[in-house]
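There is one chain below, alone, in structure tokens, taken in the form predicted on its own.
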């Protein structure tokens, strides 16, 4: 297993380097001069040139990227052009909020998504199965911003059950977590149903029924257990998507996370913050996939043998 993890970790290095190159080039191709923004509207050309020289923006793009990556390997992600604070400090304040939101959304998605998928697979083509799959289709298709606004209108404005905007309390996290996890819940429900229906049609399931094993034992101990590899794959990928896809949800609910920080930094042309934030999300995505590989060996020992 250790060799497999080392091999996967080595394969992740070129991916992270490619992400850093793409983000660096895309940001530097965006319109707008950060030196002029920092210097202010009343700055002279000499002042703008001085700011550009101080920040190293007068150097070739390749040189800027090489300097940036050298500093990243030293643990220095640069200084925010907007607040003049270290980027690490900016991210340390916001990243835990995004992780909390994504974790709560993932727990809701796994618990309810797997439960709905199991119920649908145990009663295929029934009214419960049809209703669940229609709901899952709506959940996959519903735009995040629209769902968030409708939930705010109903539960915050009309009913007044939860706060309208985020205030770092558990109660204010309910609507953002539901909005963020709706797509993942629907996808997990559909994948769980599909995987379990495939397993339930296998010969050893038919043999278990012929032996007279109770239906719940067959459903949970045999079918669900052998479907966990597929469920883990989807859950691992979706948790990475929740981290990256929290931008829209955080904007709708004014949640102080890293996604909202990225949007604010893009508007301010704060290149170091945007680069570091996207790079950290990419690292988180890779680490989540490595953790998923470790869980494979727990759920399915045959993976360890291979």
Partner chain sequence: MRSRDTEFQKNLKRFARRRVVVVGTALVLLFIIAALAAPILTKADPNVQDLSELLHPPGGGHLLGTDELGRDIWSRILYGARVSLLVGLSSVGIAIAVGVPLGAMAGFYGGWIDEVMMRALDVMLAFPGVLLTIVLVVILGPSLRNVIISVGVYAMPNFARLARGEALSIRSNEYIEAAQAVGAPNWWIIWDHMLPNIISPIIIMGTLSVGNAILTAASMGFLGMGAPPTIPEWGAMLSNGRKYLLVAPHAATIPGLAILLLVLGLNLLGDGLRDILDPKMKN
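Just so it is clear, the structure is predicted and the values come from calculations on it, not from any experiment. Positions refer to the first chain, counted from 1.
There is also a form predicted together with the partner chain; it is not shown, and the following applies to it.
Contact annotation for residue 36: none of its heavy atoms lies within 4.5 Å of the partner chain in the predicted complex. Contact between residue 288 and the partner chain in the predicted complex is not found at the 4.5 Å heavy atom cutoff. Interface membership of residue 263, defined by any non-hydrogen atom within 4.5 Å of the partner chain in the predicted complex, is confirmed. Mapping the unseen interface onto this chain, residue 125 counts among the residues with a heavy atom inside 4.5 Å of the partner chain in the predicted complex. Contact annotation: the partner chain lies within 4.5 Å of heavy atoms from the stretch 138-146 in the predicted complex, the single such stretch among 87-95, 106-114, 73-81, 138-146. Distance criterion of 4.5 Å from any heavy atom to the partner chain in the predicted complex singles out 278 from the list 43, 278, 51, 268. The putative spot formed by 6, 173 and 231 is not touched by the partner chain in the predicted complex; no residue has a non-hydrogen atom within 4.5 angstroms of it.
Residues 183, 190, 194 of 172-194 are found to place at least one heavy atom within 4.5 Å of the partner chain in the predicted complex.
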